[in-house]
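Just the one chain here, the form predicted alone, laid out as structure tokens.
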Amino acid sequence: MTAFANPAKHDSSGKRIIVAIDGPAGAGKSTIARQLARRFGLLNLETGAMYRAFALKALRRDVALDDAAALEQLSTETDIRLEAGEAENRVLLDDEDVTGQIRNPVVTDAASRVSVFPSIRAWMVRLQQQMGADGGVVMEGRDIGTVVFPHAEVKIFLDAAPEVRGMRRFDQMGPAPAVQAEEVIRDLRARDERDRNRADSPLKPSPDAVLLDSTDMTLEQVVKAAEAIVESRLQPAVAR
């Protein structure tokens, strides 16, 4: 994985901090992670993009999304990297920039399906741990605070009602979406079911995570609340 210069804040022990943000699809994790990265001088690592990049490759290769053995073999032939950018990460799949190709609903749904297999999750976790090993990162996903970085200095579990999350996803599709809002919400509920009930690393808050429900909050309110959580957990570092 690519290394980056990082001006991140340190905690009181001198260690560069890790902020873990978990939560279901559509909760706003990527947006909040970007805001926190800018506010606290951290590198934003969007792990969901890694799963989507792998799902895109599986779709391109016509690999069945329920074939664990074939997906595991495909993972051995796959290189995924994230490069930091001003607005968002660049996602490189086997050296191809696929940033603009991994946001559509088909790829998003496929990512949820391939992520249920323990071998794929174990591979991804290794990559994620390598990328965040030196600290100084905001990392968001489904199991960052419970599996990838259980000792992260700050853990946030960002959630919202499924109807609200679904409408946010629908609104992001632009003025002429190919699907109806009801379909987006239905697909999101199905994804929630898979994520929360998978045998390996199910979606759940870490016991020491701060729960942040954004159902009735504006983006500005959520950002301020998340910043306050980081500041309250790392007051010695922030005060420097």
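This structure is a prediction, so every number in the text was calculated from the model and none was measured. Throughout, we count residues from 1 along the sequence that is shown.
Below: the form predicted together with a small molecule, not depicted.
Relative to the small molecule in the predicted bound form, residues 52, 112 and 143 are all within 4.5 Å by at least one heavy atom. From the list 174-182, 63-71, 187-195, 207-215, the contact stretch for the small molecule in the predicted bound form under a 4.5 Å heavy atom rule is 187-195. Looking at residue 90, you'd find every heavy atom of it more than 4.5 angstroms from the small molecule in the predicted bound form. Heavy atoms of residue 168 never reach within 4.5 Å of the small molecule in the predicted bound form, leaving it off the interface. The small molecule is not shown here, and in the predicted bound form it never comes within 4.5 Å of any heavy atom of residue 44. Though the partner is left out of this view, residue 81 does not reach within 4.5 Å of the small molecule in the predicted bound form, counting heavy atoms only.
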